[in-house]
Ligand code: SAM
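The form predicted alone is given below as one chain in structure tokens.
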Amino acid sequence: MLRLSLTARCNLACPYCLPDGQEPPGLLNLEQRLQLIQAAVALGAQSLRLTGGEPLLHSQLDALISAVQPLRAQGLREITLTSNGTLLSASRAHALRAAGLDRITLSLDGADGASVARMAGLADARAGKRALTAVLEAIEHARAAGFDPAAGQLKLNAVIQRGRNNDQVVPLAGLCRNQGLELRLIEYMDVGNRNGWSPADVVSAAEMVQQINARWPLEHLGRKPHGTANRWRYRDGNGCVAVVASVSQPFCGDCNRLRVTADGVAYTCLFSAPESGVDLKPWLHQGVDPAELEHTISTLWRRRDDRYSEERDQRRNVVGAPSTVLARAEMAYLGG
């Protein structure tokens, strides 16, 4: 899977991400992004996920989706988008569908205004309520545009952090049950160095599942190969819920995600150190043999040895001592 960030900018300031609010220099243009996607597909990537920052802020989003459609004949199976949803109008949802987008995952970290405000970096509960309303409207816009939740084409992500929104697990599950959406609960991760991550802030996947199971009994479905989410089905037949347990149940062994930042730097892990990235821009110019770009990406992929989530505890000092902080690329650039 290729996860391609289109922008580092975002209209929210979620504390687990903390974007800069400005772009890095040297953003890729449309042609360079197409070259990159074509190389990834040639190497076997079957899924393209467009991320940010907030990708709906990118002016060429629809054009990019349209332009990659011919790659379906070369093996590209799906084009997906991750968005906070606050900018997804009815017209935009229809335009994305018409351009050839297959799936949308929206993000919402609370079911009430106060919780949304805390998790989105907004001023107060009233601002949080407005954002919540916008996301609920976005769900309906996406559904009306043809993104069918029953077919897995529309899902909802929620990052859960102890002390901020850990009381929202069951309310969010209830909201998604009412909306017919699959909820994907994500453990709070130590991506980058800005968010002040501590193990004490993590609500484990097991704890989240236990909370939901106590309210609506669940049965385990498992995790698909190369998937990030462990899925559960409601016993009453009202849909599914999933958990992404990068902290408590790492899945480094079969991760297949190549991440490329908006300025063209490739990383093989969400927890990569900045210096481990490979700048692909030298191979994204007219006149450069496409085989050279493919070779560069292939070499990076073959050399990867990322196991940060499995080694996290070994890389940190003993409890009670200051943590050993290793520089890592920021989430706003990697696209989550």
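These numbers were taken from a predicted model, which means no experiment stands behind them. In case it trips you up, residue 1 is the first one in the sequence shown, and so on.
The same protein has a further form, the form predicted in complex with this ligand, not shown here; the description that follows concerns it.
Novice: Give me the residue from Asn157, Gln168, Asn230, Gln153 that has a heavy atom within 4.5 Å of this ligand in the predicted bound form.
Specialist: Filtering the options by heavy-atom distance leaves Asn157.
Novice: Answer with one of Met208, Ile186, Val260, Ala142: the residue that has a non-hydrogen atom within 4.5 Å of this ligand in the predicted bound form.
Specialist: Only one option qualifies, and that one is Ile186.
Novice: Using a 4.5 Å heavy atom cut-off, which of 63-71, 286-294, 33-41, 48-56 contacts this ligand in the predicted bound form?
Specialist: Only one stretch qualifies here: 48-56.
Novice: When the contact criterion is heavy atoms within 4.5 Å, does Ala173 count as touching this ligand in the predicted bound form?
Specialist: Ala173 lies outside the contact set for this ligand.
Novice: May I ask you to check whether Val191 falls inside a 4.5 Å heavy atom distance of this ligand in the predicted bound form?
Specialist: Contact check for Val191: yes, within 4.5 Å of this ligand in the predicted bound form.
Novice: Taking 4.5 angstroms as the cut-off for heavy atoms, does Ser115 touch this ligand in the predicted bound form?
Specialist: No, no contact at 4.5 Å.
Novice: Within a 4.5 Å heavy atom cut-off, is Met331 in contact with this ligand in the predicted bound form?
Specialist: Yes, Met331 sits close enough to this ligand in the predicted bound form that at least one of its heavy atoms falls within 4.5 Å.
Novice: Do any residues of 82-104 have a non-hydrogen atom within 4.5 angstroms of this ligand in the predicted bound form? If so, which ones, in sequence order?
Specialist: In sequence order, Thr82, Ser83, Asn84 come within 4.5 Å of the partner.
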